[in-house]
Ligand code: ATP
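As structure tokens, one chain now follows by itself in the form predicted on its own.
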């Protein structure tokens, strides 16, 4: 397969396993966003792909060629770093010219690429300035332009917008996604910003403690996370969690917590991801139960819907959040700790009011409390 292929790639620094047996395929011309918390191994994996680090085990293939021990210059890889990496004694134009020096293109083609990138990045009037004469945002755009003028086999981005203000970040994201050469090049984009990850990815990969947990379309990972860590990372505000016991009794699955008991569903409709995680008949298994704020409802009167379809818990509003078009209520439940609930703007309840937290049972995500693996 043309594109990028990683086979059982690992990297160890002394006793620390920074990248743990990562296998991944990225088709040619597609965008993969690699996301996860700080320190999870994203940048190390990117450096292994670029050839800036030598793997402890595993192989790297670019367009079906094994490049594991090739030097960076031979891999035809372009990389943008978190800090602008411009050559200080060269102008922006000279930096961009130098970036193309390894490519066999004539001066006219180089000039056309520079003009196109300068127009896209709004840097046409700054091409003859030195990095010290640019603002922080201008330096970051100039560093990005050095990548845009190239035509590599693979382009890598290591949190390039991390220190920019939100309007500029949004503008540069759009530029990358719409720039024709970027659309045709295999791309790995690293970020710890989950909203950036969701908006930029063809496919999204979540790393955690050096391991690749889940890869798929952003909506797949958001709606059906296979691990609690994925569920925790994706979503703003994050997913609500509480602990309960999952028990099979009377031919049905039940959740039990603090004396309350809810029917999850009958066994014929309970989708099991890992049967070994489920309890034997009558025996409970401790699970972490997750539900997203947008799937919760706040009711001032107890709901009268058919029993068994809803998880209903009394509670009190502790605090209201205003977040642009969305409003959130922080609910203190009597048995399930604190929940965040998205509230429609025209239904904003008073602070400190009492009511009921209501969640459809088919919106619950169940994870084994010990391993974090998805159960349902």
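Residue numbers count along the first chain shown, from 1. Note that this is a predicted model, so its numbers are computed, not measured.
What comes next is about the form predicted together with this ligand, which is not displayed.
One residue of 48, 40, 331, 62 in contact with this ligand, assessed in the model of the complex (non-hydrogen atom, 4.5 angstroms):
Partner contact (heavy atom, 4.5 Å) among the options: 40.
This ligand: the contacting residue among 366, 22, 359, 18 in the model of the complex [heavy atom, 4.5 Å]:
Selected option: 18.
May I ask you to state whether residue 76 is within 4.5 Å of this ligand in the model of the complex, using heavy atom distances?
Flag for residue 76 set to no.
Hey, in the model of the complex, is residue 159 touching this ligand, heavy atoms inside 4.5 Å?
Residue 159: contacts this ligand in the model of the complex.
Evaluate residue 224 for contact with this ligand in the model of the complex, applying a 4.5 angstroms cut-off between non-hydrogen atoms, and reply yes or no.
Answer no; every heavy atom of residue 224 is more than 4.5 Å from this ligand in the model of the complex.
Taking heavy atoms only, is residue 82 within 4.5 angstroms of this ligand in the model of the complex?
Answer yes; at least one heavy atom of residue 82 falls within 4.5 Å of this ligand in the model of the complex.
Give a yes or no on whether each residue among 98, 150 and 187 has a heavy atom within 4.5 Å of this ligand in the model of the complex.
No.
Heavy atoms, 4.5 Å, this ligand in the model of the complex: which of 341 to 349, 54 to 62, 311 to 319, 30 to 38 makes the cut? Say which one.
Among the listed stretches, the partner-contacting one is 30 to 38.
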